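For reference, the chain that follows is the form predicted on its own, supplied as structure tokens.
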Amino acid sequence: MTTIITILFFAVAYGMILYLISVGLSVTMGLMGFVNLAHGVFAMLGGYVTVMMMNRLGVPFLPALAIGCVLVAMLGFVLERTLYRHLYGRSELDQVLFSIGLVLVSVAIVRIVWGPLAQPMQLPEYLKGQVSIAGITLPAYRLALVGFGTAVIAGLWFMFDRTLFGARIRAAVDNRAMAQSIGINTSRLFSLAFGLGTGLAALGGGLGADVLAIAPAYPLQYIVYFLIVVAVGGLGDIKGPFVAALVIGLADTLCRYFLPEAGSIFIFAFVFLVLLWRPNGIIERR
């Protein structure tokens, strides 16, 4: 029983990381209709900035995480204003080729700046130990992931469901033309939403740097998982990707523990069956 609870806990922590990185992609794809395969680049950059601030400059973990999140969010805002907006309305092939090109350029730059090896994550002392809950010993780092992820998810839910900014995003996702007709500045909204999405990706990349290793191949290695969460969870929503991330995290963790030789074949089979059942995601938007 202890082993099962521990595995489930690891799965939830992994799912939290997948959700933080993927939810921004879900919102931007649902809002802008842009197939952004370069979303993993922003998670990778968030991880690199966080690790560099900690290892080289001695910045504590939480401030380093915040700095990485803000810097990458600003970069995402600028890129949306200067590059991405020129691809809106273009064919999916143009968008895919652009985003893949951005991935390859980013990977090359990161390899030159930081080298080809994965960056070690030096956790602070308070995250290195174990915490005993009801007689079950759990890693403090994974416990922090679950707690921090829960707080961010609660904040996202409040922002999207209880603020004017969230109402505008939901309106633009549902009907962009109607949103524009009632005075919503969708151009500015797109930029802000894109910056928010890239900031969340950076937050997930930095927070989960000890789970998903930060290396130049990061955006190519994990983009499939991010796209799976978005596809299974549905576009333009924050609840569906959360459920999908937990399910994918659980399935991947169970496969790693009990069927490591099978790789990810069961995850892809599960996604295939789910999309046959619910092509628009497990939680269909009304």
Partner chain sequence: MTTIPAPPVAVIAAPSGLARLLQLVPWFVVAGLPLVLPGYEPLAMQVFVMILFALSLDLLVGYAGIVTLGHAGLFGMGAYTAGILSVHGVTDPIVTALAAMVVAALTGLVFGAAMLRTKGLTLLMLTMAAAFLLYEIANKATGLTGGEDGLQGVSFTPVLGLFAFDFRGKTAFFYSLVALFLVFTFVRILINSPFGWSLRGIRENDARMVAIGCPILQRRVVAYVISAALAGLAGALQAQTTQFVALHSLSFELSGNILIMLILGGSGRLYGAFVGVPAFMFAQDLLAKQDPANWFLGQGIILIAMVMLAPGGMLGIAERAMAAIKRRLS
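Positions refer to the first chain, counted from 1. Predicted model only: the values in this text are computed from it and were never measured.
From this point on, the text means the form predicted in complex with the partner chain, which you will not see here.
- Although the partner is absent here, Gly155 lies well away from the partner chain in the model of the complex, with no heavy atom inside 4.5 Å.
- Looking at Val70, you'd find every heavy atom of it more than 4.5 angstroms from the partner chain in the model of the complex.
- Contact between Met54 and the partner chain in the model of the complex is not found at the 4.5 Å heavy atom cutoff.
- In the model of the complex, the partner chain sits within 4.5 Å of a heavy atom belonging to Leu104.
- Highlighted residues Met29, Leu227 and Leu275: every one comes within 4.5 Å of the partner chain in the model of the complex, counting any heavy atom.
- For the residues Ala151, Ile133, Ala177, Ala108, the 4.5 Å heavy atom test against the partner chain in the model of the complex is passed only by Ala108.
- None of Val243, Ile238, Ala231, Val49 but one reaches within 4.5 angstroms of the partner chain in the model of the complex through a heavy atom, and that residue is Ala231.
- Heavy atoms within 4.5 Å of the partner chain in the model of the complex belong, among the stretches 92-100, 200-208, 155-163, 185-193, to residues of 92-100.
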